[in-house]
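Below, in structure tokens: the form predicted on its own, a single chain.
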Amino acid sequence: MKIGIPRALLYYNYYPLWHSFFGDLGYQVVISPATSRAILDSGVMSCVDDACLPIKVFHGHVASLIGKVDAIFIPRLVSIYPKEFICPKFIGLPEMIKSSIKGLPHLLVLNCNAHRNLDAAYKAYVELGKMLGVKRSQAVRALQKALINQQLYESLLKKGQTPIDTLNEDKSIGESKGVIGLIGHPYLLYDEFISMGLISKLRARGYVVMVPENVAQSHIEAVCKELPKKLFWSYGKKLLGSGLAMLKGRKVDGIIFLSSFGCGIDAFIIELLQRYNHRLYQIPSALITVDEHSGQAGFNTRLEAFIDMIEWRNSREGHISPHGTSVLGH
């Protein structure tokens, strides 16, 4: 039996866990192709108009697996940490897929809800094993092995790699002219079509990138405890906490916020980060918003201008003219 996993949304977070779990149960895992214009267009045509770009892309990846697999894995992630939630559109994802795409094979829906405790989330995998007709003990062993593989994957990310490096087995980080912090959801940053190769372009210019997955969860929690209110959106907290940790420790020479148009969580998280930065740190920053109409030309122009600003600032900062003399020396 072939089980398809769409290469979209939280694939970049949990692929080692999912691949190990299904593989250990004896199933062949098939990953949808990398995002392309054809996949994006397919998703846009089949998805509701008011959905965000990542949801539309996910629809395209599901459609690309039809006819290639016996079942498609669709995670319904309600909560990934106790007393926290994630985007509501993730919760309704299986129903959106069922109502929008015709000719689907069997859907394997993972109902993962860790709002009460993490054990409840792990039980969802055992229930998924039952759906596949395997014994409980076999599903538990597969889950235990999958969790170990997931922990190894996350440990590599904490050492400075990105999911692109790890999943593609590319261990080269490159020489450094400086460090650029990237703040964005994993399904934006690590999908090279949606992000238009942002990480590769920065590295080609000689910069090391620092991403939210490189920041330890303990650091994120510590920074977020200083905020006046608790954040109950898990991925919003991750973006805000990792961004504040980068700024507070001055670990980056510049910071880029990558957001998808219409994302409600991004709207206030990025606003908070920008306000903290402007008031306390004054580190160069840029906001790049993408949707299905974004093109390489405009994206590259924004990116080049940002890098030029950082390099000009690094070369000129401290060159302050004496009173009464212009910067140009005239």
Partner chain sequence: MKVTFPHMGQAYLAIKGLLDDLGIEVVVPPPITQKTLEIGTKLSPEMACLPLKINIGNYIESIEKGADTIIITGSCGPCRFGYYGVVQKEILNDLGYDVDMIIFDPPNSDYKAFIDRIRRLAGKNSWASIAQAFNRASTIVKEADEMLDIALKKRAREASRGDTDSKLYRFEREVMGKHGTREILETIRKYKVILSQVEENPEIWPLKIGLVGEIYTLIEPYVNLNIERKLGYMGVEVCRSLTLNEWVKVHLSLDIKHRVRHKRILKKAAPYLNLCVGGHAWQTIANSVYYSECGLDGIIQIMPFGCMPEIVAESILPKVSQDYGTPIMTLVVDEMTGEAGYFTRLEAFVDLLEQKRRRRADEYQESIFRG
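All of these numbers come straight from a predicted model, not from anything done at the bench. Residue numbers count along the first chain shown, from 1.
Although it is not shown, the form predicted in complex with its partner chain is what the next lines describe.
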{"property": "Close approach of L65 to its partner chain in the model of the complex, 4.5 Å, heavy atom", "result": "no"}
{"property": "Residue contact check: G249 to its partner chain in the model of the complex, 4.5 Å heavy atom", "result": "no"}
{"property": "Contact of R275 with its partner chain in the model of the complex (heavy atom, 4.5 Å)", "result": "yes"}
{"property": "F193 within 4.5 Å of its partner chain in the model of the complex, heavy atoms", "result": "no"}
{"property": "Interface segment, criterion being heavy atoms within 4.5 Å of its partner chain in the model of the complex, picked from 199 to 207, 96 to 104, 130 to 138, 144 to 152", "result": "96 to 104"}
{"property": "Three-residue site V179, P284 and D308 fully in contact with its partner chain in the model of the complex at 4.5 Å by heavy atom", "result": "no"}
{"property": "L239, V215, L189, C87 - the one with a heavy atom within 4.5 Å of its partner chain in the model of the complex", "result": "C87"}
{"property": "Candidate from G26, G298, G264, P33 lying within 4.5 Å of its partner chain in the model of the complex - any heavy atom", "result": "G264"}
{"property": "Contacts with its partner chain in the model of the complex - residues in 205 to 237 whose heavy atoms fall within 4.5 Å", "result": "L227, P228, K229, K230, L231, F232, W233"}
